[in-house]
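First, one chain by itself in structure tokens, the form predicted alone.
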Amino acid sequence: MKANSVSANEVPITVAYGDGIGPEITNATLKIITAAGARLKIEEIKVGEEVYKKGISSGIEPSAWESLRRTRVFLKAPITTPEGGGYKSLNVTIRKTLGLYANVRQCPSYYPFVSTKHPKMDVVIIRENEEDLYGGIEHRQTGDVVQCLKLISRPGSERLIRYGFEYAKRYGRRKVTCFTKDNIMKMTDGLFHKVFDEVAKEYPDIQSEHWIVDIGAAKLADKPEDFDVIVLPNLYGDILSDVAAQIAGSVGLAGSANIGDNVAMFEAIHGSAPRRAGQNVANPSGLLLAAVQMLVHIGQGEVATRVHNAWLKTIEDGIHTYDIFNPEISKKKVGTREFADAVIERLGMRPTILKPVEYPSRSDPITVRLSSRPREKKELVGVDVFLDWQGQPEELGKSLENIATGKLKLVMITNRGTKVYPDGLPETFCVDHWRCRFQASSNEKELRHEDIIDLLSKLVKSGLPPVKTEGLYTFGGVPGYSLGQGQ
């Protein structure tokens, strides 16, 4: 659906109709928000399967970036990624390239009109969108072992967490909860938790709490009404936002906002469902509710209110698509187009059982500012050398002690994180991937990178070429590296 004319108060947005059911739910969504008075200038771009098949592995043509950077608002339907290797995640590419650091998913219950075991649930999950394991930095290092780097930064954590507290403040939320696994990943998840505690102190009127992610996830699945806003790193957030949407009623009802400092992307969280394409059965609600978030973002809150309340009234009246239709609750099963028409018929109405919404007529997008911190003194104190080697830990340890005769001495060897030398246990199962930690001798006051290079040169000459190295540093005198399990 293209705009026919442009008026002074129209907001330019970029729209991708996607694949599978994408065009159907996009048409329905645009029809509804246009009928509600949305003032938009629409630019269309192609992404997804058609672009992948042109040989563009990212799924987005270079020219499409110009539209996204120009409009700074993207309404994206689901896409299909062709089967086979070599294709990159379009969502990850867009989020990282445009700096869309916060993923916002609203997961309320629509009980009793949509089946759920949690009628009082109203959770918002705000997930970090750019870092963690989603950097996609992976390597095969030995015949047995591959690795994926988990990257957590202080600025990345801080702006996501600040966004979570600002969101809670703007929308009258009572509590912000942080999920991490910092009892195991003490440095990466530990940093996220530390930053959460620091930022929480600046919002004394909002409750804050932290849960280890495994028991927190169990609690979320059992008693989601105990949570309000949840902030968490990328991987946990990806998993638990889908869990939350499903236990609220259906993943198919959930929309998603991806927020950055300059650009925002809005999408349904479900897939393109190619088997349902062209049948007029798809539920457009996920994309429609994402468009509601978009309207709030671009300052058309009065239109967002009108659309959202009409949608709630439609759900309340039992006008349901096949995916949520329940003969005991629903009144009428409808297709995609008929559902859109039903929402349009109810524009101006408000639900009477479900809680109506009220967005501010105009509001600026939430913005965050990062705190400034002095640089800590960074000192080199050693190196972890990773070797591809087959044999027993004692044999490797003795060889390395003979090689490390300079300023560096062998401190320990670990295998998959567990200490195996010195004083390892014979029961520890080992593979061909060894982390060998060398640190400066106690009488060495200063270690130089040249000393590391000298050690690596000796290893190569001894037939033990490293597959990877990691420098060991202290920051302000505090070690910036983890101990081996068993130390």
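Residue indices: 1-based, along the sequence shown. Not measured: the values here are computed from a predicted model.
Absent from the display: the form predicted together with ligand IPM. The rest refers to it.
Tyr359 falls outside the set of residues with a heavy atom inside 4.5 Å of ligand IPM in the predicted bound form. In the predicted bound form, ligand IPM lies farther than 4.5 Å from every heavy atom of Asn280. When ligand IPM is considered in the predicted bound form, Asn91 lines it closely, a heavy atom lying within 4.5 Å. With a 4.5 Å cutoff on heavy atoms, Lys181 does not count as touching ligand IPM in the predicted bound form; it lies far away. The three residues Arg95, Arg105 and Asp238 all sit with a heavy atom within 4.5 Å of ligand IPM in the predicted bound form.
Comment: ligand IPM is not present in this chain, but in the predicted bound form one of Phe386, Tyr134, Tyr167, Trp211 has a heavy atom within 4.5 Å of it, namely Tyr134. Exactly one of the stretches 375-383, 126-134, 341-349, 167-175 approaches ligand IPM in the predicted bound form with heavy atoms within 4.5 Å, and it is 126-134.
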